[in-house]
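First, one chain by itself in structure tokens, the form predicted alone.
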């Protein structure tokens, strides 16, 4: 089973971001390095949810913002290892829409359930496969690392 290693600061930041944006979905990127059995995530970056039609149950990160996040990650010696978003008043399980809109094969997709404004369960799924035609989510274990690293804001 794949393992997603998150620093305590990143784990807490994802949960806080979900509570901040409730009842709309939050979203962001996870920055880190590949590990033997998954990703080691050292930082998170809040992104703006650009969905105006259904921000309560969908999210989208603008391509220009994603390029900026990727550039800043490289500058820190990190890569985009995944993404996170919240499910307001819905379980922390992926939906068909989540799968359809996931394109970074080999990356982790973290979902935090936010029930009545409070972060609850948090789960991670590795986007596995070789191409769009056979991509699938595989549940992965989250391991919390106690560390000094924190999130950073995209400039």
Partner chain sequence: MELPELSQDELLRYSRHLILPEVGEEGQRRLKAARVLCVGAGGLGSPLALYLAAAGVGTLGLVDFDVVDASNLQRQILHSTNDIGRRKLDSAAEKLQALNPDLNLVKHDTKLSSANALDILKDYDIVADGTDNFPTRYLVNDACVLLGKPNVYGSIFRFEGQASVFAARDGPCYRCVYPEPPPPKLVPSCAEGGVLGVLPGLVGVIQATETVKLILGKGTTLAGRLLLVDALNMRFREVRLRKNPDCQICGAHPAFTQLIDYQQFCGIAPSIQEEIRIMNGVPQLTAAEVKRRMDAGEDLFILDVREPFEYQIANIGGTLIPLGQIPHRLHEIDREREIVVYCKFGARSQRAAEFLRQSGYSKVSNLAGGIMAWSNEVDPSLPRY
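The model shown is predicted, which means the values in this text are computed figures rather than measured ones. Positions refer to the first chain, counted from 1.
If you look for the form predicted in complex with its partner chain, you will not find it shown, but the lines that follow are about it.
Contact annotation: of the candidates 43, 107, 92, 119, the single residue with a non-hydrogen atom within 4.5 angstroms of its partner chain in the model of the complex is 107.
Interface residue among 99, 67, 128, 35 relative to its partner chain in the model of the complex, by the heavy atom within 4.5 Å criterion: 67. Using a 4.5 angstroms limit between non-hydrogen atoms, residue 132 touches its partner chain in the model of the complex. Contact annotation: residue 74 falls within 4.5 Å of its partner chain in the model of the complex, judged by heavy atom distances. Of the heavy atoms in residue 60, some are within 4.5 Å of its partner chain in the model of the complex. Interface residues of 8-40, taken as those with a heavy atom within 4.5 Å of its partner chain in the model of the complex (partner not displayed), are limited to 39.
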